[in-house]
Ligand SMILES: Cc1cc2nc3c(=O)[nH]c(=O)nc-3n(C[C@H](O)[C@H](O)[C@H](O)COP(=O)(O)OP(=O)(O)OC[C@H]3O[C@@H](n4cnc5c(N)ncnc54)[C@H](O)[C@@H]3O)c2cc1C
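Next up: a single chain in structure tokens, the form predicted on its own.
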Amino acid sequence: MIVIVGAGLAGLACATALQRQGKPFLLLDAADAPGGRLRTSHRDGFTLDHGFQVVLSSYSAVAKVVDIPALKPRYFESGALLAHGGRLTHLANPLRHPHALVEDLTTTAFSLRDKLLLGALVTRTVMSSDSLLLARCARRDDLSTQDFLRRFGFSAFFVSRFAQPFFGGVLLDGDLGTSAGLFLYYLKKFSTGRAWLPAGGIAAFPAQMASALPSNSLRLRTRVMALDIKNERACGVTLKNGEHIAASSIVLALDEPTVCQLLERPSPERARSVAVVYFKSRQSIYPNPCLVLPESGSGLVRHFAQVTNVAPEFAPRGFHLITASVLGFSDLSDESLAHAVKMEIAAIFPNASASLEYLETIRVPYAVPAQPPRFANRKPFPNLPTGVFAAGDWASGASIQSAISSGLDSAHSILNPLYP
């Protein structure tokens, strides 16, 4: 029997691959629903994702595990609205929207030099393989994203008006201290793909994966308390209720702190958190199907979106849904945070002041693992017992792509023990 601990994307991907090969497995998760950090709540007809999480069409692993059309993908425009100096500039990705090239070149949001540098950098990343970009995350000469942008020659205006609001929100790192290798990987993926959401919310993604598994292969509300290891070899797991489940292979498809706990290893560096503040409105505050990026340093909001411009199903008829992502919020109550966010949105769209009605704040303490320069060079779980495998997005860069790939890799290692 193969036991998979954790029904997030990595665990579900591993289970999917094993099922396709006819291998028996048991997938265990302590939560009441599959999906790990991909969670969605429903309130008064509104669909509220736990964090602003999107799928990218450039993620090749996604089509390996889900039926994308069945998820009814709702696509964002490949671009953003930049708020700067009391102005609002529309910036579109010319690789996806060639007609916008002239508009992008004439914008005053940042200099011609910055635009040319961005074009050169995008070209470089698009021409590079994913593996080459991610390999930088383990190199000795890897830099923080902030240092990389400065050394590449970008101005402070470019960093504060685009890089920090957009990629700071993607990486959940307002200071851009994350590995430059990971930044370059994301730059390629956003340049060559489009972001989308399932019409039913982000949790519909793992729910579809779970629904395709045998009904008796997934056990929710089942917490694993210990691994049973004898002579450095996996032999099973022990549950919170004392039950022992024998296993020849164990896949730990969990966040890094939980893997460390089960393996009795030191805790990792503290993860990054985020809060999403939701508002409803009967009045549209802007028409574009894209993010709004407030200039860095101007407030708490990293970016926000009227998400019903993309997925109208996220709100009842006659309403719009606005989501704002916030970093650095720990000392504020939900009410104080909501008020501050509303004022920041209204500073860009004055009509929002009267129309926005606070809906809910969702705090995600563990949103992505810490990914400083050279993070991929470390070996968090060396010398695992025979038959124990660790999977998750903490190893090679937090993304839906890496989570799925790590689960598929674990299944491959189990199915092909002589061919790593």
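In case it trips you up, residue 1 is the first one in the sequence shown, and so on. Just so it is clear, the structure is predicted and the values come from calculations on it, not from any experiment.
This next part talks about the form predicted together with this ligand, which is not shown.
J.: Please determine, with the chain shown alone, which of 32-40, 380-388, 66-74, 350-358 has non-hydrogen atoms within 4.5 Å of this ligand in the predicted bound form.
T.: One stretch meets the cut-off, namely 32-40.
J.: Can any non-hydrogen atom of Leu118 be found within 4.5 angstroms of this ligand in the predicted bound form?
T.: Looking in the predicted bound form, residue contacts with this ligand do not include Leu118, since no heavy atom lies within 4.5 Å.
J.: I'd like to check something about Asp173: if you look in the predicted bound form, is any of its heavy atoms closer than or equal to 4.5 Å to a heavy atom of this ligand?
T.: No, Asp173 sits far enough from this ligand in the predicted bound form that none of its heavy atoms falls within 4.5 Å.
J.: Are any of the heavy atoms in Ile400 no more than 4.5 Å from a heavy atom of this ligand in the predicted bound form?
T.: Contact check for Ile400: yes, within 4.5 Å of this ligand in the predicted bound form.
J.: Quick check on Thr47: any heavy atom within 4.5 Å of this ligand in the predicted bound form?
T.: So Thr47 does not count as contacting this ligand.
J.: So which residues in 271-296, when you check this ligand in the predicted bound form, have a heavy atom no farther than 4.5 Å from it?
T.: Sequence-ordered list has one entry, Val274.
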